[in-house]
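A single chain, nothing else alongside it, follows as structure tokens in the form predicted on its own.
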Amino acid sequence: MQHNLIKIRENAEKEISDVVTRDALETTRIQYLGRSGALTAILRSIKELPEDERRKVGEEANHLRVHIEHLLEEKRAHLERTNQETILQKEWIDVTRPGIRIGKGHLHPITKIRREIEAIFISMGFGVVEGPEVELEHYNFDALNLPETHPAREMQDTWWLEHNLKERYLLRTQVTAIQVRFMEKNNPPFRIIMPGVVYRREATDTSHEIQFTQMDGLVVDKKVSLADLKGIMETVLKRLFGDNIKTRLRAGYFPFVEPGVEMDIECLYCRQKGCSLCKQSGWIEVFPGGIVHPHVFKTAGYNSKDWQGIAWDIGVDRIAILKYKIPDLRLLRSGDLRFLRQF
């Protein structure tokens, strides 16, 4: 029996010393001190020994049990310390090192151009006015000399929303709708710009989209003329593209102005050689406008004999594709980060 105790002691000391994980240590404990463990079996069989041998073997077995428990506790503490040191080594951070630089976002090219144009007008004494994207038919069409039977409405097909018998709502097709809203609540003279997103149900191509950004302008005063309008147009375009930019002014038709004009800018993508963006013409329309129609003044409650007005519209998206030489308008709202990261 004493020989078995010596063998158990040697084996337990070696196995406990070789253990490298807490699970293996628990297995070793059960192997010697568990219900079916080697030392437990000896302790249970002591009662079968002669009385003179029973006391001696019992003392040695109990001392061995205490010794094994002590070895197990020391090993357990060692494994915990080692595990904590390993965790600390893995999670250790040098607080003196510079941090990882987080990439910053940047403005969308349309937003950049919109803010640039707004800054130009603000420096010229203009105020910025905004309006609802869900608009009433009255402000979007009727008040702008576009009655229900007007053929020009076909060019501005949009999405109609639920409406009652008195009012019809739609996604606005032009920020020009803001003009009458503003004039109803404000007295002239004034000069304002009206930026915003508009919607039209039309076929998309390199220079057309169902959603785009406009920036209308309106000046109402005692005496304003087409000369003032031309001066504003050229000033804005030169500050955007430089003094050497080529422009042309031609007659145009818009129901809410009379007479109407259009200022085109040379296609900076092809330099008037002709491409899909400018439809092989070498020019892109960016600045339609004219003298405010008397019907618009009448709807707003102004007397056209007392006041004169000039109005215009800037295609912000088109300015962006010209400024950055983007070959396809649809890229601006594609959400493709490979494209957007270039700006």
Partner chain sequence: MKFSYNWLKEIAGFKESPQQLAEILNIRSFEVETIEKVGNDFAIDAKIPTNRISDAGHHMGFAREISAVLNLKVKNQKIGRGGNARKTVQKIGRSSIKISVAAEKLCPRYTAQELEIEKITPSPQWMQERLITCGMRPIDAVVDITNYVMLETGQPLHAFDLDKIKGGKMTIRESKMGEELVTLDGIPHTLSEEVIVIEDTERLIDLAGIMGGRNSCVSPGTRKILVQAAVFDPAKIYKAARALNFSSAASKIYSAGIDLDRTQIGLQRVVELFTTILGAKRLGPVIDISPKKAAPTRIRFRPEHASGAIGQNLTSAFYKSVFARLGFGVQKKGTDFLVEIPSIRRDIQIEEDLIEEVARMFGYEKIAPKLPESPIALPPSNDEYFWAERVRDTLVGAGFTESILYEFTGDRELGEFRANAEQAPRLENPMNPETKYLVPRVLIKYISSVAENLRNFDSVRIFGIAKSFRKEGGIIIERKDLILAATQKGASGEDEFYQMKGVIDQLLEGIGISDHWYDEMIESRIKNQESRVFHPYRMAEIKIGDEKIGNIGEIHPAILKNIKSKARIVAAEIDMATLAQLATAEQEYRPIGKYPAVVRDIAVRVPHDTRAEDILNIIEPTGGELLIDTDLFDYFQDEAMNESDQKSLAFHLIFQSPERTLTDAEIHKRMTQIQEALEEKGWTVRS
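All values derive from a computational prediction rather than experimental measurement. Rigid core: the largest C-alpha set superposing within 1.5 Å between the two forms. Residue numbers count along the first chain shown, from 1.
The discussion below concerns the form predicted together with the partner chain, not included here.
With the partner omitted from this view, the residue of 180, 261, 237, 218 that lies near the partner chain in the model of the complex is 261 [heavy atom within 4.5 Å]. 294 is the sole member of 294, 301, 274, 58 with a non-hydrogen atom within 4.5 Å of the partner chain in the model of the complex.
The shortest heavy atom separation between residue 98 and the partner chain in the model of the complex exceeds 4.5 Å. For residue 308, a non-hydrogen atom is located within 4.5 Å of the partner chain in the model of the complex, even though that partner is not displayed. At the 4.5 Å threshold, heavy atoms of residue 268 stay clear of the partner chain in the model of the complex, well away from it.
In the model of the complex, at least one heavy atom of residue 209 sits within 4.5 Å of the partner chain.
Scanning 106-130 for heavy atoms within 4.5 Å of the partner chain in the model of the complex gives 106, 107, 108, 110, 111, 114, 115, 118, 124, 125, 126, 127, 128, 129, 130 in sequence order. Once you line up the core between this form and the one not shown, the Cα of residue 300 stays within less than 2 Å of where it was. Annotation: Cα of residue 227 displaced by less than 2 Å between this form and the one not shown, core superposition.
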